[in-house]
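Read the single chain below, which is given as structure tokens and is the form predicted alone.
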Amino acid sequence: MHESLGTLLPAWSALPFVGILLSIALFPLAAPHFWHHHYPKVALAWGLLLAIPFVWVYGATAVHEILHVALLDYVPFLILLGTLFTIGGGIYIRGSWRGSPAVNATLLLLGTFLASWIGTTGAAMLLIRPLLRANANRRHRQHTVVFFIFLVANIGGSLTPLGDPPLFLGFLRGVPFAWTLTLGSELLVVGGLVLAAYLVLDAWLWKRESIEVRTAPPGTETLRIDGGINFLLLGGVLAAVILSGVWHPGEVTILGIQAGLQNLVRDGLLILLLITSWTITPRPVREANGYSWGPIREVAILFAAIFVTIIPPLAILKAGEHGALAGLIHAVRTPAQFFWASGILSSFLDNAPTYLTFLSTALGRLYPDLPEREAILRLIAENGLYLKAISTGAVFMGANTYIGNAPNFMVKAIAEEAGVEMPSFFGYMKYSGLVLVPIFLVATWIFF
């Protein structure tokens, strides 16, 4: 269904998707008051601009695609994100931290390590609030949140299938669980260079802080964790996600859409964990964290429009050499090209289907007559550089934009609610263009 639709859709069918991206990028700058009060209407307008003509022209096929995205992609995405947001908001890490370059770098390093084991979203939701509190008195703190997105919400999730959705999908397709540990060298080089760039920038900005901020003695509050029971619930989230990947009891049909029973069980468990966290976490803990539903509401509304309008570009991408992006797919040949193609598209599209598209492209070119799982093992044994390029491109370059990976926009929303003036969509891309792109070029030269 996806492939046949992707061969029919013209390139300009992606215009509503471009429209919602430009709205997110430009309205907060050009008309901030309007955007703050009316962004749900803007999101709805772009969604309807795609959905109405899409259904008019393609009928039942279009309805099926919209329901497919809603039931199998958007709803599970929102359940997972909402669960992690709620559980993370129930963990309050006390302590008298001052947002010096050394303290900030330590928190970034810790988050980068945790991202591969509790997921980029889990690590981001756990540590973003302690980082914001440590820097509450600083005038220059925007850059710290941006580098947090770079490292904790993206690059750090490259070592295990638990870290980022593309790697988890690769695991489900037959990539051995431990294979992603071979990406350690890429993580050390890219993550190390990004962290070094942060330290240089933060040390310079630290000197521009007031003398009162730089010389203020740390407080006397000892390190303590309130709401620690939520760590057990976080473990439950990981167990539910892993269970959905290894247990396959069958499928059920919902509104004509085939859904794996294991995914429904996972989502039910996640909702139960969300309710449990909300029920058992004392209200003062969430109040101390500055917890509110505002960030998750904003993400839910904007990503509803993104998930609907992204249907045409993803369908075209999945059509490969038979779709409107045939020229791009056909031109991607070397590991370096796979790294940049999967990375650039993952910066704006969902990195999970982008990863699968280029994985399928590589397998089709190198091992066209083998079953997928056997072909993947051959790819790892004989041409592992291709899989490394696709994997790191999809994971690392999700950091290039706010919408490149699920936690990026969530971190932005939490930071803004805490009073941090975050860069605009294009302002953020200036950071990624000046910091990440040169580092990715270095990684290309070293590894691919």
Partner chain sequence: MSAWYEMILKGREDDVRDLLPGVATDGERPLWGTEVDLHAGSFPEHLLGLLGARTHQLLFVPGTQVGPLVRAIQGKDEFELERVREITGGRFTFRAEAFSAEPAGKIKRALHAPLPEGVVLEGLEESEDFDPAAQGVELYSPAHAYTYRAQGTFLGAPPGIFEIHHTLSALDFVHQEKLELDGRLVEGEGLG
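Whichever C-alpha set is largest while still superposing within 1.5 Å between the two forms counts as the rigid core. Residue numbers count along the first chain shown, from 1. Predicted, not measured: the structure shown is a model, and the values here were computed from it.
Below, we refer to the form predicted together with the partner chain, which is not included among the displayed structures.
- Taken together, 156, 397 and 430 are entirely out of contact with the partner chain in the model of the complex: none brings a heavy atom within 4.5 Å.
- When contacts are judged by a 4.5 Å heavy atom cut-off, residue 35 counts as touching the partner chain in the model of the complex.
- A residue is said to contact a partner when one of its heavy atoms sits within 4.5 Å of a partner heavy atom; residue 92 fails this definition for the partner chain in the model of the complex, lying far away.
- Under a 4.5 angstroms non-hydrogen atom cutoff, the partner chain in the model of the complex lacks residue 384 among its neighbouring residues.
- Though the partner is left out of this view, residue 185 does not reach within 4.5 Å of the partner chain in the model of the complex, counting heavy atoms only.
- Put simply, of 345, 145, 302, 359 only one has a heavy atom within 4.5 Å of the partner chain in the model of the complex, and it is 302.
- For the candidate set 66, 55, 413, 42, a heavy atom within 4.5 Å of the partner chain in the model of the complex is found for exactly one residue, namely 413.
- Residues of just one listed stretch (66-74, 47-55, 23-31, 385-393) have heavy atoms within 4.5 Å of the partner chain in the model of the complex: 23-31.
- Counting a residue when any of its non-hydrogen atoms is within 4.5 Å of the partner chain in the model of the complex, the hits in 417-434 run 417, 419, 420, 421.
- After superposition on the rigid core, displacement of the C-alpha of residue 130 between this form and the one not shown stays below 2 Å.
- For residue 116, a C-alpha deviation below 2 angstroms is recorded between this form and the one not shown after rigid-core alignment.
- Relative to the superposed core, residue 22 shifts its CA atom by 2 Å or more between this form and the one not shown.
- Shown here is a form in which the CA atoms of residue 118 and residue 84 lie at least 3 Å farther apart than they do in the model of the complex.
- Closer approach of the C-alpha atoms of residue 165 and residue 81, by 3 angstroms or more, is seen in the model of the complex than in the present form.
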